[in-house]
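Let's start with one chain on its own, the form predicted alone, as structure tokens.
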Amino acid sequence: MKRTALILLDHAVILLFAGVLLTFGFLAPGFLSWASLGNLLIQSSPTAVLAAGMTFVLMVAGVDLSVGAVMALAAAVAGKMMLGGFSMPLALAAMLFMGPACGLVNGLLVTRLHIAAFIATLGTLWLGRGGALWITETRAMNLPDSFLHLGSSRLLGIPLPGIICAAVLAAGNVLLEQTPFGRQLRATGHSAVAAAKAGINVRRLVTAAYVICGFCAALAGILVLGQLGAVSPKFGLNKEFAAIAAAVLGGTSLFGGRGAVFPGSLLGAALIQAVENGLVAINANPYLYPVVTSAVIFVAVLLDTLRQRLRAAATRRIFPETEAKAFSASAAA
């Protein structure tokens, strides 16, 4: 019975996604059209890229609350450069530099100064958001049409944002599933002390996870700029919560040591975007949007908690003698 429940929880995002599509498809004719579903995937690509980066941080039992602010800061720098006469490739390069640089700061705060990840990234969230507002002077910056062309470009008939998202998810999946780096991330998430004793450089590994997350935040900022063509004071606002929810809905644990970039991050991001698009399609009250978003986050945390409890119970059943010996040793100590 518990095994069946665990299987259902592991595939909950698929069931929820199907339920959301069917519900809004019934309420809003045309919601399930191929054009609508294609737009849904394109619109969810920035969140999917963010969730992919967040997965690396969550794998080491950390969290990054600054990804939305990193998006805003990188976009503000790029916008200022473009309006100042710099070329678009140079502005994009600056964004891709800003992201990992901010991730490195987060990683050093956590690993070198031993500040709790929640506090460290909450501080850099306000620092990045304040920097973006200072650069933009709290005014929207309309960028040249070349950014919109970037978002609407196609390669072999496939939208460029979709290709970038697929490339990030594929690279992240290979990195996590088929390299020693990914195995070391899982080991660190399960127990940083045990990983250090096994010879893993935990500090370097955790810092690398935050750098990857920062890079994904900058790349997500580029994808959003390609869709909007402007940098507003609210650029990237609350995106960190959508990224965490998408990653957790996709099967990544908030407790560390377990997760996958594909298909988890993509499905989680698509589910969140489907809810947003569905609310627009049925002309729902805009004041309901934050309520629904908070409900999605609550469901994500609840699912992860239930998964964790069932796995812990299964582990106790499989290794009862080992657990008893460990408890006796800790009690004696």
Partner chain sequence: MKSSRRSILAPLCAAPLLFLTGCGPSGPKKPVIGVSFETLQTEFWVAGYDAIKKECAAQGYDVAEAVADGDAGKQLEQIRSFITRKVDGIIMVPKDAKTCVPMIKAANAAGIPIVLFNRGADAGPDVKATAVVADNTGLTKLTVEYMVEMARKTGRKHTAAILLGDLGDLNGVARRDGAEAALNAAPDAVEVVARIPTEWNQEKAQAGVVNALQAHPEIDFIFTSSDFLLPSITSALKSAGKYHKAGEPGHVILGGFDGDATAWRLMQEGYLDATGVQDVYFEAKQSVQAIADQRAGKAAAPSILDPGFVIHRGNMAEKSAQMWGAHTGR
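Here the structure is a predicted model, which is why all the values come from computation and not from measurement. The term rigid core refers to the most C-alpha atoms you can superpose between the two forms while keeping them within 1.5 Å. Numbering follows the first chain given and starts at 1.
Although it is not shown, the form predicted in complex with the partner chain is what the next lines describe.
ask   = Taking the partner as it appears in the predicted bound form, which of 54 to 62, 260 to 268, 279 to 287, 301 to 309 has residues with heavy atoms within 4.5 Å of the partner chain?
value = Contact criterion met by 279 to 287 only.
ask   = Every residue in Leu96, Ser153 and Leu219 with a non-hydrogen atom within 4.5 Å of the partner chain in the predicted bound form?
value = Not a single residue of the candidate spot has a heavy atom within 4.5 Å of the partner chain in the predicted bound form.
ask   = Of the options Ser253, Asn173, Gln184, Gln227, which one has a non-hydrogen atom that comes within 4.5 Å of the partner chain in the predicted bound form?
value = By the 4.5 Å heavy-atom cutoff, the listed residue in contact is Gln227.
message = Contact with the partner chain in the predicted bound form for Gln178, defined as at least one heavy atom pair within 4.5 Å: yes or no?
response = Flag for Gln178 set to no.
message = Whether Thr136 contacts the partner chain in the predicted bound form should be assessed with a 4.5 Å heavy atom distance threshold; does it?
response = Yes, Thr136 is a contact residue.
request  = Check whether Ser232 has any heavy atom within 4.5 Å of a heavy atom of the partner chain in the predicted bound form, and answer yes or no.
outcome  = Contact check for Ser232: yes, within 4.5 Å of the partner chain in the predicted bound form.
task = Tell me, yes or no, whether His190 is in contact with the partner chain in the predicted bound form, where a contact means a heavy atom of each within 4.5 Å.
result = Heavy-atom contact with the partner chain at 4.5 Å: absent for His190.
query = What residues in 20 to 49 sit within 4.5 Å of the partner chain in the predicted bound form, counting heavy atoms only?
reply = Those in contact are Ser33, Ala35, Ser36, Asn39, Gln43.
query = Is there a C-alpha shift of 2 Å or more at Ile297 between this form and the one not shown once the rigid core is superposed?
reply = The answer is yes, as the C-alpha of Ile297 shifts between this form and the one not shown by 2 Å or more after core alignment.
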